[in-house]
Structure formats: structure tokens, C-alpha cells
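Okay, so here's just one chain, in C-alpha cells, the form predicted alone.
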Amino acid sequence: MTETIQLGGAKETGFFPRLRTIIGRRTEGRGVILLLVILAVLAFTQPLVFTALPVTIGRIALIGIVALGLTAVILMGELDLSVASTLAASGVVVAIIPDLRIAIPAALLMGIVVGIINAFFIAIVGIASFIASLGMLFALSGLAFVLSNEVPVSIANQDAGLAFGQPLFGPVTPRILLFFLVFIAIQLFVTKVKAGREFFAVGGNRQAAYDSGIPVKRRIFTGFIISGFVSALAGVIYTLELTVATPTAGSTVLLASFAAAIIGGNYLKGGRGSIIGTLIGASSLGVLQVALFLSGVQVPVQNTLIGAILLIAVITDPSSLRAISARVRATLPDRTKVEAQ
């Protein structure tokens, strides 16, 4: 956080100066702007999004659950590309075990184990998180196809699945309720718990974190366990609601969840971001996806648009803009030298 100091003058007071200060200290600006733009456009072009509230919130919840787990990893400057395949594999585990009382804990345990394995290769072996989680992505994807025999698998207790998808009160389904519980839990963890607050230190300056006595490797394990567990939870929810598991489930979630985290102001190199920003980013993309679906836009086109939004979000990051500006200035001839010649 930065603070503006005025030399030789009084500190600015009033609503707008304070508002500028608050905005300058926050990282969610791009997510808020995107959400407002999307809502304004859809109010005129696709108002059905606002009337189909359960569908819209449900989509936000699915993207958001995975994105919230990813945020815990991104805050430390790491990546977890295995979230989508964790979702798919855990969903297949739920379907192939007849008793849901065993299937659900087994699927969640699988997510924890995936997180531990990812963290082991990253923190202990020293493999880059991109490579380690990419390998896990392919491994889990193959496992999902093997366990399901490459075909959709229905859960044994269809009635339980159908009941799980019903609203608890108003438009709030179990999926939405679990999403908000995950949001509250991770938000409290990274803002109120010492171990969670240390995620920012690990991502901001890892060597300084080591020097200050922060157990960096332990924090990496914690972050990846959170990501794996939350991804598995999303797989359980997805399978129960559809009453069927497919090895390709979650194929569109990886891009959307990463985009939600980045649009929400989370810095890919770590040390800066917020869980609230991820919530805003997930809301933006969830509303957009529902609107595109209602308009008949095909999934590949949706992914193309989300990819473009993600690229814009990365380019418009303040640090990226400063780097681009510095490179442009470096390539331009020095005006003083030109005039001297």
C-alpha cells in the first residue's frame, strides 16, 4: 500500500480525495470496472440474465469455488494447473463408489492428496509449479478416463443427487451455500490468520520470507492443499447436481477460474491480491458466461472471449503498464542527445 505525502501543504480531505486513496490501495479495480460494464450492457441486450438468478449465481459459484482455491496459490506466486483435472477425477470417484457417505470423503481426500503431491514436487524437489501442476493435470485427466472407462458414469443414489440440486431457500442451492462458506473461510484465513497472511510475504519476496523465519515450504503445502481440496469439492458438487460424472468435466473451468483470479487483481508473481477481488472477477465471468449461453454462443467462442479478457487484464496490470512504458522509453531516442547533435 502506498500513501501520498504532500510537501509544504495540507493533507487532502473530502470524499473524492479519500475515495482516490482507497481505490489506489485496492487491487480489485479492473474486476469492478468489468463487472459494471457487463451489467450495464446486459441490462439492455440480455436482461434475462437478471431474471434467471439461480442459474447466474450457480455459474458464479462453480467458477468462484475453483478460483478461490487458486487464489491461495497465486498469492504465493505459484500456479496450479491441475484444478480442472482434480475436479473431473474427484467427480468420477464420487460416481464409481456406490455409497455417497464413503464416496464424498474419498473424493475430498483425493483433492488433499493431489495438493500434497503438487507441493512436494514444488517445495521439496524444486520443480516449477507450472511444470509440476501441468504433469498432475495430465496424470489426473488420464486417471479420470481410466476410472470411468472413458464414458459418463451415473451415481448410484440418483435421488440424493436430485435432492442436492434443489434450492434450500429462495435461489440458494447447496452449491451456492458451499461457495459462500468457502469464500468466508478463505477470506478469514488470509486476512485474520497468521499463516494465511504469510502467503503475501511468501509471494512478495520469498528470500525475505525465509530470512524472517516464515516456514515457506509449509505455506506452499498449505496453499496447494487448499487448492486441491476446493477443486475436489467443486467436482463433488458438479457430479451430485448432474447425477453423472464425465472425465472431461471442468474443461471450461480452468480458463475461467484463472481469469477470475487475475481480473480480480491478483498478481501472478504473488504478493498482491485479495479474495474479494476473486469474488468480483468470478461474478463478472459467471454473468458473462450465462449471457453468452442464453444468446446461443458456442463454448469455443466463449473461451475465446474469456481468453481475450484475461489478456487485457494482464496487460492492464499496473506493473505490466510500467514495464511496457519503460521499454518504450528505452527504445525511443534520447531527445537531449538528439538536440545536442
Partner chain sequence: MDKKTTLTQQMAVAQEPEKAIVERKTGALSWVAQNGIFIFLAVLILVASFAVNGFASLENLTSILNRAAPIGIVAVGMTYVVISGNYLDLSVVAQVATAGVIFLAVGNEYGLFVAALAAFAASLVYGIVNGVAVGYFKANAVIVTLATTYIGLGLLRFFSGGSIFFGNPDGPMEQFGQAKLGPIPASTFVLLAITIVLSILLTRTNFGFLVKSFGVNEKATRLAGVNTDRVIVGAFLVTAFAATLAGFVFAAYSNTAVSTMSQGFDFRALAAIIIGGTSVFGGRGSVLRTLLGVMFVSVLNNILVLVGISFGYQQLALGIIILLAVTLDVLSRKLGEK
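Numbering follows the first chain given and starts at 1. Everything quoted here is computed from the prediction, not taken from an experiment. Only the largest set of C-alpha atoms that superpose within 1.5 Å between the two forms is called the rigid core.
Separately, the form predicted in complex with the partner chain exists; it is not shown, and the next lines address it.
Exercise for review: Please name which of the stretches 116-124, 179-187, 221-229, 96-104 has residues with heavy atoms lying within 4.5 Å of the partner chain in the predicted bound form.
Suggested key: Of the options given, it is 116-124.
**Study point:** Option touching the partner chain, based on a heavy atom within 4.5 Å in the predicted bound form, out of 134, 160, 112, 156
**Key:** Result of the distance check: 134.
Review point. If you check in the predicted bound form, is residue 84 within 4.5 Å of the partner chain, heavy atoms only?
Key: Output for residue 84 is no: heavy atoms all beyond 4.5 Å of the partner chain.
Review point. Any of the heavy atoms of residue 262 lying within 4.5 Å of the partner chain in the predicted bound form?
Key: Close contact exists here: in the predicted bound form, residue 262 approaches the partner chain to within 4.5 Å, heavy atoms only.
Review point. Do residue 92 and the partner chain come within 4.5 Å of each other in the predicted bound form, heavy atoms counted?
Key: Residue-level check for residue 92: no, no contact with the partner chain.
Practice item. Indicate whether the partner chain has at least one heavy atom within 4.5 Å of a heavy atom of residue 307 in the predicted bound form. Key: Heavy-atom contact with the partner chain at 4.5 Å: present for residue 307.
Review point. So which residues in 193-227, when you check the partner chain in the predicted bound form, have a heavy atom no farther than 4.5 Å from it?
Key: The stretch touches the partner through 206, 207, 210, 217.
Check your understanding: Once you line up the core, how about residue 309: does its CA shift reach 2 Å between this form and the one not shown?
Key -> True for residue 309: a C-alpha shift of 2 Å or more.
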